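Only one chain is given next, in structure tokens, and it is the form predicted alone.
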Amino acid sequence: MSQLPHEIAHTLTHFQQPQLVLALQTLPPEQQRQLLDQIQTVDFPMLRGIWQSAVSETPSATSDTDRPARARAPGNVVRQPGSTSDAEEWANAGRVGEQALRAGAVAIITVAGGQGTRLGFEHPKGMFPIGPVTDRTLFQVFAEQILARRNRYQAAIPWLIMTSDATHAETVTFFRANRFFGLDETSVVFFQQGNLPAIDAATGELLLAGPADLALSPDGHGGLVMALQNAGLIARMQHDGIQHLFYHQVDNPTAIIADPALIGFHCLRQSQLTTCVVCKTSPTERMGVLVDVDGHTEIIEYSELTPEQAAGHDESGQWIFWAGNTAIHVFDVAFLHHLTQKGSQLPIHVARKNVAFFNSAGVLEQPSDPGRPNAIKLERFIFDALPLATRTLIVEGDRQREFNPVKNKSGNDSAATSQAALNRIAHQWLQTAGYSIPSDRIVEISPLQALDHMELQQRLTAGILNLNEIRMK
């Protein structure tokens, strides 16, 4: 055991962390250093304030229970094209987006910190096999889209992949084993999101997951902002002339990566943060929705709405809560840099959970009473950036084409529904190109064969691609 640094001892005593003091005093030197390294990254004043707010009877400053009543259907929206002039507007946006891609002004970020636990898959979710014929993984589907975009626009489009402690090592190993799916290794950057400690709900003490380890959990997709900053990637993008960051999550294989039209609308409207939405299938669908609240674009989670509110219409008869969040965004890099500044950072949200912990006797306790969770867990949400932006834009995507996520083991938003969507899209593209494929055939088109139905038709007509090269079973 080595002497506890005076400054650390003072901080822990001041913020009432006696268990950490005891642990540090009794640990052997190597473990003491291990725990000290974790403690030195903790913002104790912030955590103390969060705990005090959480246990007080007064709602926290971020609590706003009447938001649904003040919400209005989003006003600044580009809807799916319904007329010739709409189609022309979308085509123009696509051209503007293509210019940004050719100029090297766009990077892509994939949020890949989650594991496939809900899918019964004991690996990073990006390694999940989703190809309906080939079992291509989610990572490979995205890699092939990015490679195809690079080839089309003859541009370096960097790919940033945000992992977590749970997924980082295995993800990097997987990419190396697959030779980065044909991408230049230097153009793919892995970086880890941060962690936040779990707090004892009764005392405000930080919980220990082991004798020399804080109980930590990923800080949510909102941790992206500071993770980019801490990895030096915001400065790197600014140096390299990257102005826009296309953001998507790892579970949606039909997302149109670096969608030129979405990027184009973002540029044309000079938006700081643009979000792709889809129309909800019903008021009770479990999706967060984009709305306007007091003049700002925000997301209201489905759990915040009563069934009556979710089905609500405004004075003009418009359904208020229609715009479902797809977790596809375009950020201005300058806006992300702004969010790293003190006072502009994303808020931290509190969730009460049961968390296993080592008590002062060194015994692992595993609380299980759902009615009295023992801990407070913390995370940030990326959509909290919306009300912090001066200029935002909402663009409606084609739900059938763009939003078919893999979230559940069965039922809606499962591997089965996502694979069915990939098969359906492939059939539609071939039919548009003039090829009729029996409906019982399962078809899969690689992004390297075609990024869209127009490219597929052109390549088949020109003889660049042969129908026999398309995978079917």
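As the structure is a prediction and not an experimental result, all values here were calculated from the model. One-based numbering along the sequence shown. Think of the rigid core as the biggest set of C-alphas that the two forms share within 1.5 Å after superposition.
Here the subject shifts to the form predicted together with a small molecule, a form of this protein not shown in this document.
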Handout entry: Non-hydrogen atom within 4.5 Å of the small molecule in the predicted complex for each of R149, T254 and D398
Key = no
Practice task
Would you check, heavy atoms only and a 4.5 Å threshold, whether T340 touches the small molecule in the predicted complex?
Solution key: no
Exercise for the section: Flag P197 as yes or no: does it have a non-hydrogen atom within 4.5 angstroms of any non-hydrogen atom of the small molecule in the predicted complex? Expected result: no
Practice task
Using a 4.5 Å heavy atom cut-off, state whether D219 contacts the small molecule in the predicted complex.
Solution key: yes
Handout entry: Contact label in the predicted complex: G116 to the small molecule, heavy atom within 4.5 Å
Key = yes
Exercise for the section: Using a 4.5 Å heavy atom cut-off, indicate which stretch of 116-124, 129-137, 228-236, 256-264 touches the small molecule in the predicted complex. Expected result: 116-124
Handout entry: The unique member of E89, E379, E170, D240 whose heavy atoms fall within 4.5 Å of the small molecule in the predicted complex
Key = E379
Completion exercise
Picking from A107, V250, V141, C276, the single residue whose non-hydrogen atoms come within 4.5 angstroms of the small molecule in the predicted complex is V250
Problem - H296 C-alpha relocation of at least 2 Å between this form and the one not shown, rigid core basis - result: no
Practice task
With both forms fitted on the core, give yes or no for whether the Cα of H313 moves by 2 angstroms or more between this form and the one not shown.
Solution key: no
Exercise for the section: Determine whether the C-alpha of K353 shifts by 2 Å or more between this form and the one not shown once the rigid core is superposed. Expected result: yes
